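Only one chain is included here, represented as structure tokens and corresponding to the form predicted alone.
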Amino acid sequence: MIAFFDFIESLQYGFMQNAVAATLLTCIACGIIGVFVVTKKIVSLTGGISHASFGGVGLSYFLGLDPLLGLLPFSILSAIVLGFVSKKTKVSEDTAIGILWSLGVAAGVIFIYLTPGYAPDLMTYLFGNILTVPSSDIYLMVAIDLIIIFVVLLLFKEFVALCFDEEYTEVSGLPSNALYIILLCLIALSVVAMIKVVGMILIIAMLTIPASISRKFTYDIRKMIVLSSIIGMILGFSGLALSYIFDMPSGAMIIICMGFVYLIISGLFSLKEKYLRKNPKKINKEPN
């Protein structure tokens, strides 16, 4: 209890306020984009984009730039290339993901190796360190969230059609390939927003767990987005608090907190399904 009050008191410091703001802003981006990732079943593709972006981090170190300056265009370029290769060539999506994934990481390693001296804060981009997020990154996260919200509001019906029935999207005359690449670019923006919070290694979990939890309660995409964002913010803040109390890495603790809650909820829903199968008369009494 004393440790919890210490955490509350620590919120008066600027770096902790930035950590909380970064957590909440990241969870908004994840809550929105994660729903489309889970519905479209492109989780592995998300991993490919996030790991390929490491090439941008390495290039930035090599050129002496802020890693985020290289990460942003490299992530978007990776998303466009991956979308183009998977849609316009005979290469399967899994193969394209594997190739881009490995090339991005390899390029990052080569650039860092060629960079004289020690690469500072490299572990931050691999595993995250939310306590080191500066105010400039907060402004970038706000901008990314606004872009994601604007594009999703503008193309919401098209994205829903793309996720549920891509063939129908094509038959309806909608540019399905362009919509697919736009969705991948939004994922790339989410990667940029998340990388300082949970790191490149844990980004997949951040995008999928809150959305997967929300899907347990509803299949309505709008409700899923709202619920996923709220769940993400609650669990993200809880993970941040636990990392402070137990002196653990913040990004890893946030993911563990989300994963633990997902397992509990999945277990409860499984028990409910078993109970209803054994008591079929109860199904008719379930609310619509």
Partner chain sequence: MNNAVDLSVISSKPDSAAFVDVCNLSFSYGDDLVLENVCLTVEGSGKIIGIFGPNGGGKTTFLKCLLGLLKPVSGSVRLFGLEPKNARKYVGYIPQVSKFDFDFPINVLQVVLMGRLSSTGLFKRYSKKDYEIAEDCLKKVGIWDLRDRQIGQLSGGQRQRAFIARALATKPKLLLMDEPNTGLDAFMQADLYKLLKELKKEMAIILVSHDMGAIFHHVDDLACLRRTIHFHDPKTLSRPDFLKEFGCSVDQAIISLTNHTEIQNSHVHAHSHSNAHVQSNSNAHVNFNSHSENSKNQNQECSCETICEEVCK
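Here the structure is a predicted model, which means the values were calculated and not measured. Positions refer to the first chain, counted from 1.
In what follows, reference is made to the form predicted together with the partner chain, a form of this protein that is not presented.
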If the cut-off is 4.5 angstroms on heavy atoms, which of these, 112, 161, 201, 138, is the one near the partner chain in the model of the complex? 161
Contact residue in the model of the complex, chosen from 171, 123, 147, 106 - any heavy atom within 4.5 Å of the partner chain: 171
Looking at heavy atoms inside 4.5 Å, which stretch does the partner chain contact in the model of the complex, given the options 130 to 138, 213 to 221, 189 to 197, 71 to 79? 213 to 221
Residue contact check: residue 154 to the partner chain in the model of the complex, 4.5 Å heavy atom: yes
Would residue 94 show up as a contact with the partner chain in the model of the complex if we use heavy atoms at 4.5 Å? no
Considering non-hydrogen atoms and a 4.5 Å limit, does the partner chain approach residue 238 in the model of the complex? no
Answer yes if any heavy atom of residue 98 is within 4.5 Å of a heavy atom of the partner chain in the model of the complex; otherwise answer no. no
Can you list, in sequence order, the residues from 28 to 46 that come within 4.5 Å of the partner chain in the model of the complex, counting heavy atoms only? 39, 41
